[in-house]
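The chain below stands alone, shown as C-alpha cells; this is the form predicted on its own.
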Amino acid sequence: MRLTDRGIYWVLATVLAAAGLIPEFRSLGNLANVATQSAALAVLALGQTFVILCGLIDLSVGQLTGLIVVLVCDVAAGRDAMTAPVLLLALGLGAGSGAITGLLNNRLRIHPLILTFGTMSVLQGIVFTYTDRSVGRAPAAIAWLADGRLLGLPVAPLLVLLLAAGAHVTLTRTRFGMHVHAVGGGRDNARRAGIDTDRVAATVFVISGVSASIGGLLVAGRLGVGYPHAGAGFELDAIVAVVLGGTSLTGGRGSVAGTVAAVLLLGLTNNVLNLLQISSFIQMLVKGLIVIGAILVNQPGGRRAFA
C-alpha cells in the first residue's frame, strides 16, 4: 500500500497527535461529544459514498435532511406514541425522494450535478413553504438516538459504526457493490458487461435518500425542534468528506473507511480550533488548507509524487 492510498489516515493521525497536547481534548466526554456531533454528517457521507463511487453526485441530501427534521418534529410534536410513525415517514420520504431522483437521472440523461441542484431547490422550496420558523418537538426516543447512551456509550456513533460496517460489506463483498464500482469506472463498459447500469444508478440514489433520512432523524434529535435551516450545508460537507477520504469524483475508486476517517478529521479539526478559541475566519482557513492538502495526496499527480 502506497502512502497516498492511506493519506487520510496519516493526516488524521497527525491531527490526533497534535490535539492530544490539549488537556481538554483528551477527556472522554469531549471525544464522545466529537463523535456524537459528527454522526449525522457521517451517515450522509456514507450514502454519498455510494453515489460518488458510481460516478454520480447528489446535492439534494442537505435540504432533504432539513425537510425530514421539520416534518418529524412537527408531526410528532414531542409525543412518544408518534415515534414509529415518524420513523416510517422519514425513511419512506428519503427512499421516495431518492427513487424519484434516480428515475429522473435515468430518463432525462442530464448531468446529476444539474439535476440534483434542481431537486435541492425544490426541496428547499417545500421546506420554507411548509414553515419559516422552528416547529414541533422531537420525541424522546429520537432524542435518545441522537444524544443518548447505551451501556455508557454514545448511541449515535454506535449507529454510524453499524451503518459503516454494512456499507463496507455491501461495497466489497456483494455483487451490487462490484457493480457500483464497475459503473463508476466506466458506464459504457459496465453496460457491455451485462450490468443494468440504470438500476444501479437508481439504487445508489435511494441509498443516499435513506441516509439523509437517518441523518435527519439524528439532527432532529439533537436540535429537539423542527428548524427549517437544519440541513443547510450538509450536502457540500458530505461531498467534501467523501472526496477527502479518497473517493474519486469520477467514480470507481474509494472506500467507506476513508469516508469515516475524513468525517472524524473534520470533526476533530472543528473541536480543536474551538478549544483553542480560534477565530471563526481562521478556522475556515485552517480547515480549507487541511481539505486541500488531504485531497491533493489522493490525486493521480500526488500518487506519482509519493509512490
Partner chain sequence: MAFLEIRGLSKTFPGATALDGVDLSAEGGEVHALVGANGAGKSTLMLVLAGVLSPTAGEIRLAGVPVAFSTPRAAMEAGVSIVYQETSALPEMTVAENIFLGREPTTRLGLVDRRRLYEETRRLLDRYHLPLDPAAQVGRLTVAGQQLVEIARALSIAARVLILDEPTAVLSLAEQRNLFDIIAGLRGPRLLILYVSHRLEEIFTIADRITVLRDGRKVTTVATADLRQADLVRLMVGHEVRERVPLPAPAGAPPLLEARLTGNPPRLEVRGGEILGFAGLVGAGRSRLGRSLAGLDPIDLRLDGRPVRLRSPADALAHGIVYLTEDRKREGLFDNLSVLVNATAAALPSLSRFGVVRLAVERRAGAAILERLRLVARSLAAPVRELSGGNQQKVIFGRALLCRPRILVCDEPTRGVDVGAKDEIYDLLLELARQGVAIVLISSELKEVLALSHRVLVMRDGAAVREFTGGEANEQDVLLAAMGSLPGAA
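Positions refer to the first chain, counted from 1. What you see is a predicted model; the values in this text were computed from it and never measured.
Quick note: we don't show the form predicted together with its partner chain, though the next part is all about it.
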| item | value |
| --- | --- |
| Residue 178 within 4.5 Å of its partner chain in the predicted complex, heavy atoms | yes |
| Its partner chain contact at residue 186 in the predicted complex, heavy atom, 4.5 Å | yes |
| Proximity of residue 87 to its partner chain in the predicted complex, heavy atoms at 4.5 Å | no |
| Its partner chain contact at residue 192 in the predicted complex, heavy atom, 4.5 Å | yes |
| Selected contact from 155, 164, 182, 141, since only one has a non-hydrogen atom within 4.5 angstroms of its partner chain in the predicted complex | 182 |
| Heavy atom within 4.5 Å of its partner chain in the predicted complex - the one residue of 173, 229, 199, 111 that qualifies | 173 |
| Segment that reaches its partner chain in the predicted complex - one of 221-229, 145-153, 199-207, 165-173, heavy atoms within 4.5 Å | 165-173 |
| Contacts with its partner chain in the predicted complex, stretch 245-275 (heavy atom within 4.5 Å) | 252, 253 |
